[in-house]
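The chain that follows stands alone, in the form predicted on its own, written as structure tokens.
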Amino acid sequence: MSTQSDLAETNRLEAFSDGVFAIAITLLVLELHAPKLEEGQRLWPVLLDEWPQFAAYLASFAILGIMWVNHHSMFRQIQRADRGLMFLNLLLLLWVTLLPFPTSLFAEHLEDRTSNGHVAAAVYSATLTLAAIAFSLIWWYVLRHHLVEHTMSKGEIRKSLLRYSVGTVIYAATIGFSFVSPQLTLVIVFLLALYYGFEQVRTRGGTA
């Protein structure tokens, strides 16, 4: 049974995290700027030329939004928070707050056919991979230290961790894809965000 101090500690952790996610998502949109038109230039073609900025923004917005939803879903199951969980949550928020930078970098070089485009895509993929690792570490930690509200067998814990870590492995693979095609990398990470939208953290009995 959770004590009142345990519950308050968890609520503060969630409230702080919600604020960080909100700021990170806001910073994403600040990278979108109205294009400057030359005399006689039409707006529509110029907007179409800005597709890398919009594509990178939509992918990162989806990733952060779904990450926030899953973060909320996970913390609904956590009875209490200790110092270890707090530090792991800070590790996740480190990559969350960093994401606007690689998003801007990726958008800037998405059509670049030189090594710069591949490097920008790799930096973006690496940031997402590190965030996914941090997320998986949080789930592993709360299960290992019995911070969740339900009891799971070792087999159920193993299946839960493997199910949720599939995306982490694919994120890591996108670092390699970055040196093949930055555009393909963007499509993969967007589809992976959709995967996480449906494949949330599962508990005993398969509930999310």
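Quick note: we count residues from 1 along the sequence shown, nothing fancier. This one's a predicted model, so the numbers in the text were calculated from it and none came from an experiment.
One more form of this protein exists, namely the form predicted together with another copy of the chain; it is left out here, but the text below deals with it.
Although the partner is absent here, W140 is not a contact residue: none of its heavy atoms lies within 4.5 angstroms of another copy of the chain in the predicted complex. In the predicted complex, V180 stays away from another copy of the chain, with no heavy atom inside 4.5 Å. Mapping the unseen interface onto this chain, A34 counts among the residues with a heavy atom inside 4.5 Å of another copy of the chain in the predicted complex.
Another copy of the chain in the predicted complex is not approached by L191, whose heavy atoms all lie more than 4.5 angstroms from it. Three-residue candidate spot E111, L128 and A173; no residue lies within 4.5 angstroms of another copy of the chain in the predicted complex by any non-hydrogen atom.
Along 10-37, residues R12, L13, E14, F16, D18, G19, V20, F21, A22, I23, A24, I25, T26, L27, V29, L30, L32, H33, A34, P35, K36, L37 each place a heavy atom within 4.5 Å of another copy of the chain in the predicted complex.
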